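Encoded as C-alpha cells, the following chain is the form predicted alone, with no partner shown.
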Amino acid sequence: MKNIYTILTPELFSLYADALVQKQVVVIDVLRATTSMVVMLENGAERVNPVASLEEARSWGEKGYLMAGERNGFKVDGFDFGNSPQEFTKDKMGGKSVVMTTTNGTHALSLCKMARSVYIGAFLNCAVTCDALTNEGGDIYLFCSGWKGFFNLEDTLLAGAMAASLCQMGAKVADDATRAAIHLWNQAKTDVAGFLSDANHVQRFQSMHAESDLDVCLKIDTSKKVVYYVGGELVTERP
C-alpha cells in the first residue's frame, strides 16, 4: 500500500529529502507555475525547461529558447512571457522551446532531483496525475511550493484534492499534514474560488489586476496531460 505525505512548504523540504530517494513527488504551484507548465505542453510546446535562476534562464534564451519568468509575480524585464497561463496560447507555443523560471515553483522542482519520479501537479491535470501515481510503485510526496518558503492555501488545497482521490484508489494517509490538506479540501471543494477569495496570493493577483488567471488555474480536470520532470525538462511521456 502506498503512503501519502504532504510537504507544506519548501522550508520543510530538508526534513524529507532523505526519504524522497526513489519515491514519487508531485510539485504543486497552483498560482501559477505548474498550471502554466501544463498549459504550455497542452498547447504544443516542444520543449519546456524549468530552471531556478534568472541567469540560467537567460543562458537558455541565448540558445534560442523563448524565456518565460516572473519574480514577485511580475514578468521579468526582457523576457518573452511572464507566468500567466493565458499567455501560453497555441499560436505562441506550437513547436517552440521555452525556458521558465519563477519565484516558487521552479525552485521547488530544483530540489527534487533525488526522487525517482517527479510530476507536475495542477488542478487542470489532477485526475490523470493521480491515475499515473497509482500505476507506479512507491510512496507519494505532495510538495507544495508555497510563497517564498511560507505556507499557502491554494497549493495545500490541491494536495488535499489529490490525497483524497489517491485514498479512494487505495493509498493511505501517512501524516497530519495530509490529513489537514484533505480537511481543507473537503471544506473548499464545492466553491474553491470562494474559499480562496481572501487568500494572500489571490490578494496579490488583485493588486496586479491578474484575477482572470484564477479562472484558468482553478479549472479542474480539463487536461489529460500527465507531465513529468525528467533530466531538467518537462515531458508528457516517460523515457
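Just so you know, these numbers come straight off a predicted model, no measurement behind them. In this text, residue numbers run from 1 along the sequence as written.
The form predicted in complex with D-malate (MLT) is left out here; the points below concern that form.
Put simply, F205 is close to D-malate (MLT) in the model of the complex: some heavy atom of it is within 4.5 Å. For the chain shown alone, A33 is a contact residue for D-malate (MLT) in the model of the complex, at least one non-hydrogen atom being within 4.5 angstroms. For G121, no non-hydrogen atom is located within 4.5 Å of D-malate (MLT) in the model of the complex, even though that partner is not displayed.
D-malate (MLT) in the model of the complex comes within 4.5 Å of a heavy atom belonging to T103. Stretch 67-75 is the answer when you ask which of 67-75, 158-166, 122-130, 86-94 has residues with heavy atoms within 4.5 Å of D-malate (MLT) in the model of the complex.
Heavy atoms closer than or equal to 4.5 Å to D-malate (MLT) in the model of the complex belong, across 147-161, to one residue only: W147.
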